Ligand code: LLP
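The data below hold one chain only, encoded as structure tokens and taken in the form predicted alone.
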């Protein structure tokens, strides 16, 4: 479900006209639907009601304070991967004791800050990290709550950059080494073993890898519960979303989705996910942690951008827009597909193949290639769909381009939740020696 649809000839987010938002705030512009974010979180939380659980939103997907606050007010926990993300959670009203701190390279200052704030648990990725946590906690007169991340060596069959559960990935401890790793961790004086964690990858479009991983790890979890009294089993995140054909039942007459992309598949519904996994998890008698990010925020956002002009080459037609790979890097980084639609609803079903490209001085600065789209003209605003996750959070100032603004829509109201960056903001903090 998402809340983007055509109404009276213009694309809307809930009850707000995106053409008007672009006119008022300029482009590039990120726009998020509050109703979509809340709906996805609430449905997932409800689907897991048969087991004691905590939905820990993966902060890295979209870390705007307003988004985090929406979820914190609804009882969410948070999956974090840096001290900065923990700071954001606290500023947004989140509870540090409901946060799990993941990541293979936690710095000393981050560990200290997390312990000071009462972090719920560190998801440790190696035995070296466990030892480091023990040493730092000891120096502070504290005990570090820890869950070891098991690498189940399950192929999630997703893009190689977002696969995390195979033995050749950098994440976690090999499955066969986990029993000895827990035994050694249990001997450390400043460690409290709270749980066990796994995560096999992102943007999974089949429930089968989740089932395979849970079935493989469950006997291990039962042993750890019996031997060390662990309290929770975190099964990670990774539920995929639809990037292609994403207007669903609201498809306009000209709509002709690309035939096949790596990210196009029948999506895993929240209900089907829960139906497959809850029966496997319920007998454990443990709290189940889940760490979704993309599922909650991905289809809740769009990137609005203006067509600057059209360039006709000998073999291609390029529509040059004012958003670049610095604003949304997914197409350049992992060949990520995003549906693109005009904000003004086309009156003709006629389309033509075009490349949608940005102004950044890189050949990889494109959003679509040979995409069938309606006729576009200079000044037209288009929407890059499914940009609510791994969009703004991965943006950069490459080519000294300022960050776009972010807007949150709530019904018929819209709120600026991040101001557009200025040129002065670009150089804030930089110094010329001797000046």
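Residue numbers count along the first chain shown, from 1. Quick caveat, the model's predicted, so the values are computed rather than measured.
Missing here is the form predicted together with the ligand; even so, the following discussion is about that form.
Of the candidate stretches 108 to 116, 195 to 203, 85 to 93, 277 to 285, only 195 to 203 has residues whose heavy atoms lie within 4.5 Å of the ligand in the predicted complex. Although the partner is absent here, residue 79 is a contact residue: one of its heavy atoms lies within 4.5 angstroms of the ligand in the predicted complex. Although the partner is absent here, residue 37 is not a contact residue: none of its heavy atoms lies within 4.5 angstroms of the ligand in the predicted complex. Proximity of residue 43 to the ligand in the predicted complex falls outside the 4.5 Å heavy atom cutoff. Using a 4.5 Å cutoff between non-hydrogen atoms, residue 291 counts as a contact of the ligand in the predicted complex. Residue 334 is the only one of 175, 318, 334, 228 with a heavy atom lying within 4.5 Å of the ligand in the predicted complex.
When the ligand is considered in the predicted complex, only one residue from 360, 354, 239, 130 comes within 4.5 Å through any heavy atom, namely 239. Of all the residues from 362 to 390, the single one having a non-hydrogen atom no more than 4.5 Å from the ligand in the predicted complex is 390.
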